[in-house]
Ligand SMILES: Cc1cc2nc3c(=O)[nH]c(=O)nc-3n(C[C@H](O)[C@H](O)[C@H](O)COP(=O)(O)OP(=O)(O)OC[C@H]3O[C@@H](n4cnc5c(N)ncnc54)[C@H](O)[C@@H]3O)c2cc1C
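Next up: a single chain in structure tokens, the form predicted on its own.
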């Protein structure tokens, strides 16, 4: 009788275009699908991400005809126990290139090998696995544009079809994670939901993406990031659908940014929580009770700057924020309020349903001027001009700040200019942007002087 194989699902919760799962199911071998709730990953995760994961696991359990097994604990211990239960000595999984995942998988492989169990890591959650694209000198890229060119030249596998697996059922499962309602309205979970959104985007909005992606008041972005986070859709499946249209290439570059940041984190695991450019870590940041009050107002969308407040309220309501607005609110925290970018990054990870360590940390560092391809520190987003440029008619502002909905298209970006004053209950600007911009530049000049 053919021994079964264990397939350990992680960030690859789909049944189509799945090389690692396909190998596990080769030759008609029975497959036991398992998801392990690892405390090291679960405990720091935000409520929105955990709920979306729980709902995705519910979908996967149904898709595997009820065979999916859930266990909690140390992966090495859980997998040894399961291998003994089902009489197998083979475990398959998709390769993990994250800082924690790499160390965990090495330790799991060594632990299982000592028990006579072989572990096979295949494929990746990225179109091009981190470590695959290097410069002519064999070093990693630190600037996006040449990385993007090399990444496209490297290419990726063509997506495959559904995996035909003979699921091994009847194995005892612990209760699945709860999918209790959250304060945020989350997207529908699962592989089919991912493709429903992808098809909608690829058949229309993608062709206006070069403009639509910067307009928070319209539904012009893919909003596929939560599905990419948990692998219910693979980036190469999206890349295979993109053609030569310039707007499609802009979306292609956005997928590449995600992989660039994964590459950076792969090469520099410390950059998840520390400045990629060490000398920038010396920039002066504020601390103390007053800054805590500022941080709290920023978190709750009560800064008095409408575009910032709308973004922060969207985050609380949806567990997601438009990318253009993410840059604006990040710049405001770092360069208007002079707070450490890590505080903002942690708040985002607490609430984002698409929270991805590499993209989040390095997106924040781009704005803070501490990372690769960094926006120069002296570039400070003006929340008023950004609001007027990208939400000229105030559609986004009116959606998330109903108390300002009656204002004109001109005044809604600066409510304090209304002849009768800002609406009751809406705060005035907590800081003077022009003054704080000068202060940020002063701190940067002071830091530069210390390098000489």
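Positions refer to the first chain, counted from 1. Predicted, not measured: the structure shown is a model, and the values here were computed from it.
The discussion below concerns the form predicted together with this ligand, not included here.
Visitor: Is this ligand in the predicted complex near all of 225, 323 and 330, within 4.5 Å of a heavy atom of each?
Guide: Yes, the whole candidate spot contacts this ligand.
Visitor: Against this ligand in the predicted complex, would residue 221 count as a contact residue? Criterion: heavy atoms within 4.5 Å.
Guide: Close contact exists here: in the predicted complex, residue 221 approaches this ligand to within 4.5 Å, heavy atoms only.
Visitor: Residue 264: heavy atom within 4.5 Å of this ligand in the predicted complex?
Guide: It does not: once this ligand is placed as it appears in the predicted complex, residue 264 has no heavy atom within 4.5 Å of it.
Visitor: Report yes if any heavy atom of residue 148 sits within 4.5 Å of a heavy atom of this ligand in the predicted complex; otherwise report no.
Guide: Because no heavy atom of residue 148 falls inside 4.5 Å of this ligand in the predicted complex, the answer is no.
Visitor: In the predicted complex, does residue 92 have a heavy atom within 4.5 Å of this ligand?
Guide: No, residue 92 sits far enough from this ligand in the predicted complex that none of its heavy atoms falls within 4.5 Å.
Visitor: Could you check which residue among 82, 202, 339, 255 gets a heavy atom within 4.5 Å of this ligand in the predicted complex?
Guide: Of the candidates 82, 202, 339, 255, 255 is the one lying within 4.5 Å of this ligand in the predicted complex.
Visitor: Of these, 195, 276, 348, 295, which has a heavy atom no more than 4.5 Å from this ligand in the predicted complex?
Guide: Answer to the contact question: 348.
Visitor: Which among 104-112, 311-319, 225-233, 184-192 is in contact with this ligand in the predicted complex, heavy atoms within 4.5 angstroms?
Guide: Heavy-atom contact with the partner occurs in 225-233.
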